Every structure is written in structure tokens, then in C-alpha cells.
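First comes one chain, alone, set out as C-alpha cells in the form predicted alone.
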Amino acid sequence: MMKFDTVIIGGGLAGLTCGIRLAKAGQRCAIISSGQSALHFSSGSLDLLNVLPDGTEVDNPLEAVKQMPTLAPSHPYAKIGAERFADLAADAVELLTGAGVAVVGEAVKNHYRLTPVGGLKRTWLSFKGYVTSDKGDALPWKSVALFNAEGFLDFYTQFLSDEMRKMGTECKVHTFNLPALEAIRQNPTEMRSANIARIFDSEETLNQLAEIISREMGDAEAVLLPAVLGVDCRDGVAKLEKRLSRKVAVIATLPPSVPGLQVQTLLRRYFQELGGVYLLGDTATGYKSEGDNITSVYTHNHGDIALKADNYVLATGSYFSQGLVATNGTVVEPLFGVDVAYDKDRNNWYERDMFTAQPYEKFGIETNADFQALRGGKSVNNLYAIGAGLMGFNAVKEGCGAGVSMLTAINVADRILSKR
């Protein structure tokens, strides 16, 4: 038997945020993580609230969230409440900063982040060093030099340059080659963002790149590159700016993305430094309960060795990570069998127009106002649900996925701490 104060099932953004909050307060926590999370697909920013459920675009999330109880009473933000929402958003930024994740942005005003295909997308927080703008139709520069590694196919310079020109920014595209790239270029499948980024953990390779850029950048106001300037080394942008005496910024590539890998690594490292136990590559397979309480959880790797805790947090995500599983006629939460809200008529699960909001995206785990999971309509006293698996919101259309994950995680962590 292993004993903890809290066991969290799921090691993505929600699970790690909850674990860090609890560990900082002195709790002994374990996170069960089956592997890669949706963080690995992050494109350089974290959204809080970009669009209200009625389609209204959001400039100020703190103001807009006040409408949530009326527009979508089952939305996680409606359960949190507008006043608590502001405090949690601030706490989330503080937590990221403590973990070493440098971000820019604020909850009172969304800004815009350049996407991998050249669009400007509303967001809450962007990782420091990425291309951002205060405007939705223009970049901060009139001319840029865009550099890409020769043979790197997950970075679409033509799309980017075309879109920049439409926004009034002249973009000149350059390619570069380096000795360190030759080894991975022997196999085209190795020319991926993470593999390229690792060569720039070397100071020598970064200096070689700086020399090439210095010769070719001309009089461009800024130098832009794919986000491959190191995995462990996170100051590649600052080092290049110092060498070039020019503004340097990066653009996230198509997944798997370096920014997502970096954030996952930093949050996990921070959790472990705080004393947390991170069970990587393990899967929760069963549990025991007494009355309205979970008493233990079992995992694949630990067999009949129980993980016992006072509280349990379900942060297993949605369909992507199989935190929710859909069959022909049902949607279930596969571990604890807690209640899931979904339309019983499968014909109502989707819209034929693939670009419209899909009803199934709002299906999810039912909870009470404190995010305690329900089973048979009754609260499970020491089982909480957070993040993407919750009911009542559309992370994609509303642009609120990261915000729901982090804010519900901190909210639940504080709820657990208040029980002591």
C-alpha cells in the first residue's frame, strides 16, 4: 500500500496544476500519467475565454465571464463564479511563473498570437518569445525576415509569408543549413520539431545559426523562426537577440510542438521538486469504495498494491485521452463510472457542418458546484473532476480549454485544502 493525501489521475495541464497547488501547500500527492497529454499539441499559447457560448467574441474575459451563468449555467466558469474567476486566473499565472514558464498576457484583455499557418488568434497567455500582436489584423513590424531549416516540412513558410503580406508586413523567406542538421536529415521522418530543437540546446549550433542570420537578415525589423530553438535551453530567443541586435521571435509549428513539450516538462519537474510523485507510463485500472467515498485506486504497473488517499481527482481529459469513451449510444467515464451528461439520442450528437459547434463536445462528467463528481445523481464525497472531461463547455469554439483546465484545478485544490 502507498499512502498519499491526494491522488490525481491524469498528468496533463489540469492534473499537474492541481498537483502543484496541493504540493506547494504541503500535501503528499501522486499523479498517475499514462503518457503524452494534449499539452504536447499546444501552439504557443493558453486560452482563457475567446468566445462566449452565444458566439460573441471576447476582448475582456474577466468582464465577459459575468454573462456565463445566464448563457450557460452548466459551464465550469458559471460554477466558479466571476469573482473567484479573476483570482484563479491570477493564481494560474503565478503558478506558471513559479514553474519557470515565462508568459505574456493578462486576463483583462486578450491579445493575439500568430498561428502556424499565419492567422492571428485571440488568446490569454502566450509563451514569451512567440509572435504576438495587440491587433487582430496586423503585426508589430512592417518588414520581417523569416528563416526555416532546410528540409523541415512542418513549418509552412509560404502560408506564413502570404498571410503576413495581407496584414501589411513584408516578409522575406530564407532557409538555412547546419552541420548538426545533416545527421537527422538522413532520415526524413526525423526532421521533426523536437528533434531539430534538441540540436539548438548546443551553444555552438545556436552561434552558427546567428552567423547565418546576421549575413542574410538585411534591414528587416524582426527575425522570425520556427519554435525549435532548444528543448532544455529556453533562452534561445534572448541569445539570438543579443547576438543580432534585432528583435527575434518564434512561431509554433504543427504538432508535436516544442512549446507544449517544454511546458509539460517544466510543470512536471516543478511538481516533483515540490515532493510530488509522478507515475509516468502508468494507468489507473480500478478502485475500491466504501459508501460515498473512494478508498483506494489500483494501477496497471502496481498490480495489487493500492494507492490510498484522502481525496482523488479525476483529470483524465476528454475523448482524446479516453477520459470519456463514446460507444454507439452512450458516453461513459471508464474508471469510476461517474455520471456523464450526454444526449440519449445519438442523432443529436453532431452537426453535418464540420465547421460548426458539435454538440458532443459539451458532453462530460457531471459535478456539483464544488466539482465533486456525481454517481447516480449523488456526490462522491472525496472524488473531484477537473479539466477537459467536464460537461458544459466547448473548448475549441469558446477558446477556453487551458483556462478551464487550470482554473478548475486550482479551485478543486483549494477546496481540498479547506477540508483539513
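Residue indices: 1-based, along the sequence shown. If you're wondering where the values come from, they're calculated on a predicted model, not measured in any experiment.
FYI, the form predicted in complex with a small molecule isn't displayed, but the following is about it.
Only one of 139-147, 319-327, 154-162, 210-218 places residue heavy atoms within 4.5 angstroms of the small molecule in the predicted complex, namely 319-327. T283 is the sole member of S133, T265, T283, S74 with a non-hydrogen atom lying within 4.5 angstroms of the small molecule in the predicted complex. Note on contacts: among A30, V380, A38, L52, the single residue with a heavy atom within 4.5 Å of the small molecule in the predicted complex is A38. Using a 4.5 Å cutoff between non-hydrogen atoms, Q372 does not count as a contact of the small molecule in the predicted complex. In the predicted complex, the small molecule sits beyond 4.5 Å of every heavy atom of T367. Residue contact with the small molecule in the predicted complex: A402 places a heavy atom within 4.5 Å of it. Interface residue remark: L46 is counted as part of the site for the small molecule in the predicted complex, having a heavy atom within 4.5 Å.
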